[in-house]
Every structure is written in C-alpha cells, then in structure tokens.
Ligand SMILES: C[S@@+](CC[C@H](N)C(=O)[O-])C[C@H]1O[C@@H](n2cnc3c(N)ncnc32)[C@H](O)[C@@H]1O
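Heads up, the chain below is alone and in the form predicted alone; it's given as structure tokens.
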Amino acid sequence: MRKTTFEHLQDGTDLQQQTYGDWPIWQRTIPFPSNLLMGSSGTHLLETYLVVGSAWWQVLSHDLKPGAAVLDIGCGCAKIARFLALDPRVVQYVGFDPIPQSIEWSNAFVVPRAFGRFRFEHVDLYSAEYNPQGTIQPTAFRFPGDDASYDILIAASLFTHLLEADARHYLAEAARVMKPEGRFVLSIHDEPPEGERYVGGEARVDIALDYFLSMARDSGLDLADDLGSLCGQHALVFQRLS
C-alpha cells in the first residue's frame, strides 16, 4: 500500500535540524536538507533539488525587479528560496507550507542567511497527503498579505497537488494579493485522460490546459506567458485581469 508524504516524514526524527549527509555547515552558506525532507518536495536527490531550484530562480529572474516582494505558495524546504535569498532584488519574501518540518528547517538555516528579508510560516492546512491532522481547510485560508502587496507569486508544483475547489480558492487569493503589475508563476500537470478536465488526488493532479486557463480567468487572472515544459511540468505566467 502506498505511503503518503506525511507517513514518510514520520519515519525521520529531528528533520528540521538535519542537513544533507555528513557535509559540514559552512559559515555564510545555506546547507541542504536531508534526503527525507527533500523527498517531501518531490525528490530525494540533491542534484535534482538543486537543478529544479535553479531553473525556477532563472525563470523568476525575468520578472524580478529591484525592490520585489515575493510570496512563495507551498514553499517546501527552500528549494527556490535558497536562490532567492542571495538575490538582492528581493527585499521581502514570505513562504508558507503545511509541512512543519520544512518551515522549521527553512527558519533555522535560510532566514539567518537572508539578511532579515525572509520569513517562513507554517499554516496548519488540512491535506490528506501532506498534513492529515491539519485544522484549516484550504478553501478557508487567507494568504498572508494585504490586497495588492506582492510583485511576484510562486506556485512551483503546487497545483499538481490541489483538489479543484482548493485550486480555485488559491487562484482567487493570488489575484487578491498580487500588485496590478505583478506576476504569478506556476506549474501544472496537463495530461488528463481524454475527455477529462480535472482528475487525480493530492499525490498528483492533472488539469486540461484550457480548463485551467478558464479557472484562472474566473479568479481574475489572465495568461501573460506560456513557458511550456519546466522540470517535467507545464509552467505558466499570469497577470491580473485589467
């Protein structure tokens, strides 16, 4: 029987303090999470963790401007944040996630090396896959931030795990907190069976591209750029509807 991500994480202890292998923690550097904690963000391999994080940072760099405020939705164990932490254009970063070990690890190892610009928040969101003891329903969760407060929003491999009602709410919340000229960079799996629009469970969700674009428009977002394949998913950039 398949184990959920939550169950895999229960196999480890003190994950929030563990780093990769026997490597030391060098001064002025951000270490790497343990294999088990990395696995909660999609890979147990350090090489893949770094390649994906770097690829996303490069994509985001096209829209990053000096003084940027960034919201990382489902930030995991700092796969992208570790690169943004050293990007001087980012003056404010907020990341949130339902996995407490990821947030505790990021606060322990990324925040002290981000010059006071980064904040990671654990949100006790219910997820059968990631946080089955969560007390907050995703459809009731309000993103951290006032209206029109972020320049860049990130959802890397997030909508690949959200049920449809949750995805619609997250799109609407993204539109709410995004500045008028902001950008929302996200990825989806877009290979549902023929004739289906939105299928799967929290382990993997596939959405027909045209259906996802209509969901986004219903939430106040318009497609700004279709980036095609990115790290095995379909990456899209949205802006607020004018």
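The first residue of the shown sequence is 1; numbering continues from there. Remember, predicted model here, so these are calculated numbers, not experimental data.
What comes next is about the form predicted together with this ligand, which does not appear here.
At a distance of at most 4.5 angstroms from this ligand in the model of the complex, all three residues Gly76, Ser127 and Tyr170 contribute at least one non-hydrogen atom. For this ligand in the model of the complex, the listed stretch (192-200, 37-45, 22-30, 173-181) containing residues with heavy atoms inside 4.5 Å is 37-45. Only one of the listed residues (Val94, Leu162, Ala114, Val90) places a non-hydrogen atom within 4.5 angstroms of this ligand in the model of the complex, and that residue is Leu162. In the model of the complex, this ligand sits within 4.5 Å of a heavy atom belonging to Ile99. Put simply, Leu158 is close to this ligand in the model of the complex: some heavy atom of it is within 4.5 Å.
Proximity of Leu153 to this ligand in the model of the complex: non-hydrogen atoms within 4.5 Å are absent; the residue sits far from the partner.
In the model of the complex, this ligand stays beyond 4.5 Å of every heavy atom belonging to Leu71.
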